[in-house]
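Subsequent text provides C-alpha cells for two forms of one protein chain, presented individually as structure 1 and structure 2.
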Structure 1
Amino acid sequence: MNIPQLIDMIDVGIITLDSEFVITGWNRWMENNGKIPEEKIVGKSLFQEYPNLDNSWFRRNCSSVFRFGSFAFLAQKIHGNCFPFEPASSFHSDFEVMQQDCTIGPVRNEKGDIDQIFIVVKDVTQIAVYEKKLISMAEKDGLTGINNRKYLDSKLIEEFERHRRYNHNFCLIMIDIDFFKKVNDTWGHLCGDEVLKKVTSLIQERIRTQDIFARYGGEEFVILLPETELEDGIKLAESIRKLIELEVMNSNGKTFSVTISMGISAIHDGIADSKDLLDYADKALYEAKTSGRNKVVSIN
C-alpha cells in the first residue's frame, strides 16, 4: 500500500498548508466530515473556508512550526475544536460540534526546508462526552440533579477567597424540609423522593443562574448567593418559604403540602473561613426549627 492510499484510509483528518495558509492537501476523512471534496478546497485559503481559525493563537502556533520545525498541540480541553464539523455519531448529542485534538507539524521538502505544515485532526468527542459525564457524576446529586455537597464546598472556598481578595459580599441560606421523616413514614420513601425533587425544582426556578444551589445531605439544602447583602438574602429566603408553603404536592394520588425552615448568614470580618459561615447558617436554621419551623432566621 502506498502512502497516499494510507492517508486516505486513516481515521484522522489530515490537511497540508503552504506558508500563505493555502490548502494543499485534504484527505478523505476531511472530505467526509467537512463535507467539502478535495478538488473544491485545495488551492483555497484556509481562513476563507474556516474564518474561526484566523486568530492570533492559531497563527502563532503555525508560525512556530514554520520557524522552528517544532510541533504545536491544540487540545480539545482548551480550544474545543478547530474545524466546526458535526459530531460523527448521534450518540454524541452532548456536543453540537465534533470535539477535536489537533497537532500541527512541519513538512520538509527535498532540501530539508519547511515549505508546508500539516494539521492532524483527531475526533475526541466520545472521550469529551465521557469526561463531561464523569464531572457531572462527581458534582451532581443523583436524585435531584442539583449540585452535591462536594461541589458546594469547593464553590464556598472560591467565594470566600473572592471576598478576602476583593471584599465581595455573599450570603448563605441553609434549608431543611420540616417533618420530612413524617412524609417518608406516612407516604413512603418514593413519595419522599418526589417531595425532594419538587422542592428543589421550585427553589431552582426562584434563584438566579449565578447562585449555587446544592443538596447538603438528606432533606437539607444550601443556597450560596454571590454578591448579595443579608437583607436581600432574607427577602429571597422569605419568598422561597412562601412558595413552598403554597405549593400543593401530588404523589400517587395523594395531595399534601410541606413547609421549610431556613437559616441565613452573610459574610463579615468576624468569619474566619467558609466553615464558619456554614456554622452560622446552621445555628440560624436550628433556631428556626426550635422556634416553630416554617420560618426564616438570620444570624450575623
Structure 2
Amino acid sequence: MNIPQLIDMIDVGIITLDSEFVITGWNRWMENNGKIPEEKIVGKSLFQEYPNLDNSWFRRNCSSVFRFGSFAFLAQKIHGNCFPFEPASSFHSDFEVMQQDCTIGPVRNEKGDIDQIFIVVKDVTQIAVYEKKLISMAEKDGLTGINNRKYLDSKLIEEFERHRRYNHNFCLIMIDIDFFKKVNDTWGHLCGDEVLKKVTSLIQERIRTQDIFARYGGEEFVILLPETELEDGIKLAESIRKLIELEVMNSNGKTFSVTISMGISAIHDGIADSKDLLDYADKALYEAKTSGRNKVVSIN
C-alpha cells in the first residue's frame, strides 16, 4: 500500500500492517526517526525490527482492532514507548528515549473488510518534560531546592507501608535551627534565607542519596532514613550537629554561627502510623530545645 504524499508531510509517524504484522506502509516521519528508509522495511515483520512489541498487550490491542474495527490507544504513561527513537532535540534531554502515544485503527478495503491496521505514533516528549517539571516544582521547596513537606508526607507513608510488609527498620530526624528569629531580626531576612540554604547544603553533604531530606516548614527540616536503626540515626545526627556548629556564616562582612536542635524517632511496634513517628520526633525535638538546644535527643 502506497502512503499518499500528504501523509508523508504530517508531523506524526504512520505505519500500516497486514494481519501477519508485516509492514506495508512507513511514512517519512518514521523514516527520519526510525533511521530506516521505507524501501528497506516494507515487507518485513514489525517484530523483526522491533522485538519489544512482540508481547501480549500489543498483540491483544491489534487483534481487537482487526476483529471489531475499534480503535486502541497506547499511552506512554501506561505502556511505555513503543519505538526506541531518540528525542527530537537536546531540549528533550530529560529523556533518553522519545516519549510516545500511539493510536491503532482499522484500514478497510473496497469491500469494507479490515485487511490492515494503521499505527499513528505521536511524539509527546515535550509534554512529558513539562509534566516532569511541574511535578518537580510541586514537590520541591522554592528557597532551598530540597523536597517539601508534601513530598515528605508521601514518602513517609511509603516507608511505613514497606515496614509493615517487610519489617524494615527506618528512623526520622526532625531539625530546628536554634534562635532563627534572632538571625532574621539581627541580620535581616535575606541573611536568614542564606542561612537556610547553607544549613541545607551542609546537611546534604552528610546524608545518603536514598535518604529523604525535606523542609518541613520555616526553619524546620526532616530527614527520613530508610534501612536505618536508631543508633545509626543518632550518630548521623551528631555528625550533622557538629558540622553546623563549626560552620562560620557570613553576612555583609560580619561573621556568626548557628546551631541546630534535633529530635529522632525510630519505627517500633508502638507506632501505629506515619503520623505517630513524626509526633515522637517532634516531642524529642521539643525536649532538645527546652533542655538547652544544640543537642540531639531521641525518644522511642
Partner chain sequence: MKSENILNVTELLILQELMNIAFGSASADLEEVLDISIDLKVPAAEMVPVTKLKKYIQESMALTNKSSMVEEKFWGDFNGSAILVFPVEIQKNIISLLSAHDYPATDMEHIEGMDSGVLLEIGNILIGACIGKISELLNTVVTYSPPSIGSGSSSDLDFFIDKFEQPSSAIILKMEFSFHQKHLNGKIMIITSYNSINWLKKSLKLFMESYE
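Quantities reported herein were computed from a predicted structural model and do not represent experimental measurements. Reference numbering: structure 1, starting with residue 1. Think of the rigid core as the biggest set of C-alphas that the two forms share within 1.5 Å after superposition.
Source of structure 2: the form predicted alone. Of the two rigid parts that make up the chain, the smaller rotates 19° against the larger between structures 1 and 2. Note on Asn81: its Cα is shifted 5.7 Å between structures 1 and 2, core used for superposition. Relative displacement of the Thr125 Cα between structures 1 and 2 on rigid core alignment is 2.9 Å.
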